[in-house]
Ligand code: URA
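The chain below stands alone, shown as structure tokens; this is the form predicted on its own.
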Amino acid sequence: MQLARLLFSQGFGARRECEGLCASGAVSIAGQVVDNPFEEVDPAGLVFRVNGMDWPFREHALVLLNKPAGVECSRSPKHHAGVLALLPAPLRRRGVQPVGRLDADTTGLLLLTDDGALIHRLTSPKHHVPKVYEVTTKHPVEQTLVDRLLAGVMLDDEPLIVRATGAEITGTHTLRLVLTEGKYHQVKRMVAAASNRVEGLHRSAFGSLQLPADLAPGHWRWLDPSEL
């Protein structure tokens, strides 16, 4: 693949812009500047550098973000900053979008990708991908709350009972909740239907992925599809 074409596929601008990046000496591979935009390179396993930053070639971008509070999971945010603003320009140009959404005041693990098929596979209810939430409540957590969430509660505008896949008490005012659906404000609505109120919400896991302890809020890292 020609180098300029590769840069274009990775979100570094229009074809002419990518040719200009190469010609200006901004691109290097294995420590060597490559200023010929038409240089043929093998993209498999390639890590290249643009303006001092290393980039791995990815046919589809897939990243894990530790979402902070006060950020909207929307391409057109209305009341807060958008989550895409936390990502570098090449990822935004590639059209990555959140895999499902977290409320503006919810923190934790968020996946973003430009792979539409992967988004469908991870968000479709029929695939039962579990999401783990750490919930802080207004009132003390008692076993009756856990029992009601596991047995199922009725939500407004939902024709069927909605159940948690897992629920356990983790503190006087905290519990861990596991869901395989992604309904609107689901955790908050379920806890409210079970006679309590969510005061804080954090997603700690998505499928087999755990939020890395060393990934600070607002920071992101690449994921390999095999990690899913």
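Numbering starts at 1 and runs along the sequence shown. Everything numeric here is computed off the predicted structure, so don't read it as measured data.
Although not depicted, the form predicted in complex with uracil is the subject of the following passage.
Novice: Leu102 versus uracil, in the predicted complex: is there a non-hydrogen atom within 4.5 Å?
Specialist: Leu102 belongs to the contact set for uracil.
Novice: Contact with uracil in the predicted complex for Val187, defined as at least one heavy atom pair within 4.5 Å: yes or no?
Specialist: Yes, contact at 4.5 Å.
Novice: Please determine whether Ala167 contacts uracil in the predicted complex, using a 4.5 Å cut-off between heavy atoms.
Specialist: Close contact is absent here: in the predicted complex, Ala167 is far from uracil, nothing within 4.5 Å, heavy atoms only.
Novice: Would Thr106 sit within 4.5 Å of uracil in the predicted complex, counting heavy atoms only?
Specialist: So Thr106 counts as contacting uracil.
Novice: Select, from the options 25-33, 57-65, 39-47, 179-187, the stretch whose residues sit within 4.5 angstroms of uracil in the predicted complex by heavy atom distance.
Specialist: After filtering at 4.5 Å, what remains is 179-187.
Novice: Which residues within 131-152 place at least one heavy atom within 4.5 Å of uracil in the predicted complex?
Specialist: Read in sequence order, the lone residue that approaches uracil (within 4.5 Å, in the predicted complex) is Tyr133.
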